[in-house]
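Single chain ahead, by itself, as structure tokens, in the form predicted alone.
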Amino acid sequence: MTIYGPYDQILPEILSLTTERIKRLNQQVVDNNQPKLYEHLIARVKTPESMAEKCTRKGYPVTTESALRKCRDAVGIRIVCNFIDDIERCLVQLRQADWCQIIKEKDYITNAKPNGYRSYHIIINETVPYRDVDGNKPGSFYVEIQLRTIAMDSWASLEHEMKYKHNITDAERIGRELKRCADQLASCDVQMQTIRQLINSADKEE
């Protein structure tokens, strides 16, 4: 029995359900002749080993309740968007959705982390047709959603691979170079957003 207990089989179902709900939000926008909300989704259930390690690191009891209530990222979805303003469009749709409530937000786009990391993180409390850890059915489960542009996601993936999967001999220099690269990509995101706005303005004038 893992830290997730009887929810081992349910969490993948919740992941699939949440992914489908987000896809439906996107389809509704497209059906209204608006640009798609995102380029692609990346979804995962945190491994039981990683969750147990996180509970220990946070000083929580290594229990199913801690995994599903104190830690709120057992289920995680990354929404990778083409443009910065698509992130806000996604957030508008999620705020209006009747199947979830946003309970926490962290804006690492406006306020990037010192290493250059940019992303928008939210925690949603989602209503699902399963019994939850409190015994309620329909139940409620937390899901972490990260929203990024393609550039932000590419940088984060490469930064993780380079910093955490190799023995670094000159970490300070590499950190500076990664930060410089992150800033350049952020500038590119802004430029691409500006170009998109110019194209949209030209279309409206025609």
Partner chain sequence: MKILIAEDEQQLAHVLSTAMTASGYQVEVVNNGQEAVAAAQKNAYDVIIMDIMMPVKTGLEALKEIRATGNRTYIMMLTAMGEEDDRVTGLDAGADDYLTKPFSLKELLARLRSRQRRNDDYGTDIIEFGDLTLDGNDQSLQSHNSISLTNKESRLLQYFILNANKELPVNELLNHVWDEEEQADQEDLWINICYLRQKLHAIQSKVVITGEKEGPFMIAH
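Residue numbers count along the first chain shown, from 1. Note that the structure is predicted; figures quoted are calculated from it, not measured.
Just so you know, the form predicted together with its partner chain exists too; it's not on screen, but the next bit is about it.
- Residue in contact with its partner chain in the predicted complex (any heavy atom within 4.5 Å), chosen from 160, 57, 180, 40: 180.
- Scanning 91, 123, 77, 112 against its partner chain in the predicted complex with a 4.5 Å heavy atom cut-off leaves one residue, 112.
- Residues within 4.5 angstroms of its partner chain in the predicted complex, judged by any non-hydrogen atom, belong to 172-180 and to none of the other stretches in 28-36, 172-180, 63-71, 136-144.
- Using a 4.5 Å cutoff between non-hydrogen atoms, residue 10 does not count as a contact of its partner chain in the predicted complex.
- With a 4.5 Å cutoff on heavy atoms, residue 19 does not count as touching its partner chain in the predicted complex; it lies far away.
- Contact annotation: residue 15 falls outside 4.5 Å of its partner chain in the predicted complex, judged by heavy atom distances.
- Although its partner chain is not shown here, in the predicted complex the stretch 3-26 places no heavy atom of any residue within 4.5 Å of it.
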